[in-house]
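You are given structure tokens for the same protein chain in two forms, set apart as structure 1 and structure 2.
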Structure 1
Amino acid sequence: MGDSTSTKTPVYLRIEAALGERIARGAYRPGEQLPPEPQLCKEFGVSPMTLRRALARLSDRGLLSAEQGRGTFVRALELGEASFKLRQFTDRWQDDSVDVRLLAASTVRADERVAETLGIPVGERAVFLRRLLLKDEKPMMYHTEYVVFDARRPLVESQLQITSLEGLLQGAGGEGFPEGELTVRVVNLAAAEAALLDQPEGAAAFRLEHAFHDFTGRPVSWGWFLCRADSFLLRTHLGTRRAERGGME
């Protein structure tokens, strides 16, 4: 008597919720062993596969750890298990008040760093792009990007037409490319960057670097976003509570 989780919810989700609730309330304590699967099957009146589906999800969430031959145990909360989704980082800019202003678009000769990152010879041509992203007229992100020049692929044109953040996030080398790496660092803004972002020189900022590759593994694009410290953060919840749904709060 308790959970009247609208009867249409799949059984495995209800079991997941029920067990998560017990952990949250302390009925099952960290380190404790859960009842064996056959017993839980009887308790919930389901087949092994269904029960295991619920347990697997709880394990994925880091709440349980199953050890073959020993049992299933409640895991103590570990900071290291936390994971941050980039989506929340940019969610608030996903509306019409966001403006993408193209500051520069040209081809340049690759210097040493660009050449190495893009896997091309020094001096080779590369597309160079700079954008400023504004929300309600206020600058929020400053984007720099280098794209391998390829006459057969009209990347330049499609890139130039990007005027929304969604387009930029998907189009930043991502259009159809299957591999990418992202790195988040923290930096002090240089004078020019700070000025564009309407921040004092040396202000702290996130630096979100991205690199994309094509189907053969060759680099295609490399760049980074500088994000104002006062407008961006990463947040996550650790533990039993259900993950945040939308992202609005």
Structure 2
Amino acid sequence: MGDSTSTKTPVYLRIEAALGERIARGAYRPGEQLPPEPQLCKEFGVSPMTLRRALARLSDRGLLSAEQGRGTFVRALELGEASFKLRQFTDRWQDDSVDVRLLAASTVRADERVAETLGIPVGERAVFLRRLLLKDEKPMMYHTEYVVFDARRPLVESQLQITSLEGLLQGAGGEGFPEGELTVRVVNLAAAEAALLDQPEGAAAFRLEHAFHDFTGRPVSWGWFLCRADSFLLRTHLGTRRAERGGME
């Protein structure tokens, strides 16, 4: 009896999976040319258009490259093409064992750096927030944020209600803001930061800096997470997806 699931899968996806599996097990090696299109069309019993759709998907995944007048070749892996998603990091914190503690919530006068980043005059009021994130009562992240002051928004009061990382990320720009920038770098913890994170002074940490803008492009908030090095892990995979080695997803 045939596999009803596979018969429902579009033909071009089955071709993509088959060729991807061959690349994964080394039947087609980096730098090698794929068989000519007429040969593959005959093998899979499809039209050139269907085959090219499958080849285009493999090219989009970085597995193949087409050379005009020469054919289609298997690409070698390039480290520069590796990408990481912070979702891998934030997903680890989406449970009831995570506690967000607000350490400070007040208005301050913007110094030169804050004023420049938020696009406000030096000395103008800004909301200043500090938070500590704990997992199973263990301090793991320290968050500092400056927000453009708006007397019409009960911002400080709303921040007092945030008790989860999901709520914190939404408050820091996860919803309501259309644009932002994120920067990740390695830093050494100052004495006060290290004490909060239960680390020795000078210990390495990841600084995840964020800046968000409103719908007119004006800055709204700027801040950063200091993450203990042992809590920050991102992993990616190059080449064919592992799932293909055991079948199609």
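For numbering, take structure 1's sequence and count from 1. We call the rigid core whatever largest set of C-alpha positions still superposes within 1.5 Å between the two forms. Since this is a predicted model, take the numbers as computed values, not measurements.
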Query raised in the report: Which of the two shown corresponds to the form predicted in complex with the DNA?
Result: 1
Query raised in the report: Has the Cα of residue 24 moved 2 Å or more between the two structures, judged after a core fit?
Result: no
Requested in this report: Kindly check if the Cα atom of residue 67 is displaced 2 angstroms or more between the two structures relative to the superposed rigid core.
Outcome: yes
Report task. Note yes or no: does the Cα of residue 50 move by 2 Å or more between the two structures after the core is superposed? Result -> yes
Query raised in the report: If you line up the core, how far does the Cα of residue 15 move between the two structures, in Å?
Result: 2.5
